[in-house]
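Form predicted on its own, single chain, as structure tokens, below.
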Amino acid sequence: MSEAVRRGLLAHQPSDLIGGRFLALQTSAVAGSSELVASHDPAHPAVEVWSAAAEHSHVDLAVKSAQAAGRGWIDAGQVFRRAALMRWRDLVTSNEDRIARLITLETGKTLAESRLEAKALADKVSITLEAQSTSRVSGFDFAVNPTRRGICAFRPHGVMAVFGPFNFPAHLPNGHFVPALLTGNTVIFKPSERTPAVGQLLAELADLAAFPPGVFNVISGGPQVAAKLSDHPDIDGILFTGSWITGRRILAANLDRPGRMIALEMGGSNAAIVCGDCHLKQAVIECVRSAFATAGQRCSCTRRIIVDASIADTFIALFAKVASTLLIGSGDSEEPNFMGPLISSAARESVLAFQSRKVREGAVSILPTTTLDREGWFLTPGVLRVQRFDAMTDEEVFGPLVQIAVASDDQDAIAQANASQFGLAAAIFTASEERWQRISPHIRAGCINWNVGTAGASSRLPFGGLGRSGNNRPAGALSLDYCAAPIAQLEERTDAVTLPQGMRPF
């Protein structure tokens, strides 16, 4: 029995939800038709949270089920769909503690952070249903002439595949499929292979919300299932949150499908500019928080800090001191831990390897990231001082390791902040509003904050990036925009047709 079931966090043994039915998965993989997927508690790796053989044939079943449900879901109308989403909101609200505990068990995040994520599910529904959101896809009309009207209407794309990440396994996919369902799409959700239990919990709650069969489907799997789903000819849209590497594969697989909606939210090598006139305490605390939140496993975490030469030594010393005091431990511990472990052994080794390579290349380790002498995939916060940032050598490291460089002036700081192929988030720390207004227009990022760290966002604002961070399909407040297609209509209400020049009457 999986740990998630044993603790009462899941009601079913490992299963997929297809067409309103739970289809049990096998415990061992069969070559060619399935792949083994297993998740473990990152703080206690011997604890198996969820394990099953993902079934490749379920992709076709889920697509057919979603297609079959599509017309009825559209014809039911938005009032009906709103009511279904309000039931979803009520269920995730009443199950917040259950959701949070499973997130912590499967990702290692602190329970406090998991509770914030669980609460965000209902908040997303409320924000999506507000008139401020729905007005973006409500259409408009005007008089072309006394008898003819021009109308802009919005239609759903059809069957939408939603790919979820491991770091926010409930909140981020919820941010995709709630607006998709409201606008009349049907959904196939594939959770990250690192967090299949949370994905199944969302399926179980969706079943209780009584969405019509086939409207919301959940299938678990690894890269093979993901590839089969993203390349399926009957998928009308892909809503993805994850790494640049996987996002690129999705784009490559869909080069011959220009009409397929693809919304990508990918990684970030996010920069914070710390000016000489900043509020030093605020800049240090916000940069530490944003660099090491979720053990550095957020796409919006601060990866690079550019500090003005006039305060560089002071800032770097304070930053390293505060980082060294962060409490690290199991997410469900009674201690007020700041961060838990990384998601896996491979993730931890990747961060350590990055640090070693940077040191060999000349970086100075101000505060080395190290493993802890305990079970689990823990790392301490790490700080590297580098000569300067360069786009040709920039890469995202997904863990608690931040690099700091010094800037000679504001123009140098802007240049180094933009020295990246990513463009998700940035922060500027200065006490001067004039300086903020002067620097911010030249930063290439989709989310730019003043005296607020890069990690964290408001669901009432768009969330997305440029370059390798996204494809100009921001989520958050604008998620409805990529869930419905604008349709132009001309309507003539009379039979007063005008005979064109050169046409004979009949």
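Note that the structure is a prediction, hence the values are computed from the model and not measured. Just count from 1 along the sequence shown to find any residue number.
Just so you know, the form predicted in complex with nicotinamide-adenine-dinucleotide exists too; it's not on screen, but the next bit is about it.
Chemist: Just give me the single entry in S243, S345, T147, S310 that has a non-hydrogen atom within 4.5 angstroms of nicotinamide-adenine-dinucleotide in the predicted bound form.
Modeler: Partner contact (heavy atom, 4.5 Å) among the options: S243.
Chemist: So which of V406, L205, I250, L85 gets a non-hydrogen atom within 4.5 Å of nicotinamide-adenine-dinucleotide in the predicted bound form?
Modeler: Flagged contact: I250.
Chemist: If we take heavy atoms and a 4.5 Å cut-off, which stretch out of 108-116, 312-320, 69-77, 185-193 is in contact with nicotinamide-adenine-dinucleotide in the predicted bound form?
Modeler: Among the candidates, contact is made by 185-193.
Chemist: Quick one: is Q416 in contact with nicotinamide-adenine-dinucleotide in the predicted bound form, heavy atoms, 4.5 Å cut-off?
Modeler: Output for Q416 is no: heavy atoms all beyond 4.5 Å of nicotinamide-adenine-dinucleotide.
Chemist: My question is simply whether P165 lines the interface with nicotinamide-adenine-dinucleotide in the predicted bound form - judged by any non-hydrogen atom within 4.5 Å.
Modeler: Within the cut-off, so yes.
Chemist: Is there a heavy atom of E286 no more than 4.5 Å from a heavy atom of nicotinamide-adenine-dinucleotide in the predicted bound form?
Modeler: Output for E286 is no: heavy atoms all beyond 4.5 Å of nicotinamide-adenine-dinucleotide.
Chemist: Is there a non-hydrogen atom of A227 within 4.5 angstroms of a non-hydrogen atom of nicotinamide-adenine-dinucleotide in the predicted bound form?
Modeler: The answer is yes: A227 has a heavy atom within 4.5 Å of nicotinamide-adenine-dinucleotide.
Chemist: Heavy atom within 4.5 Å of nicotinamide-adenine-dinucleotide in the predicted bound form: which residues of 390-412 meet that condition, in order?
Modeler: Result: E396, F398.
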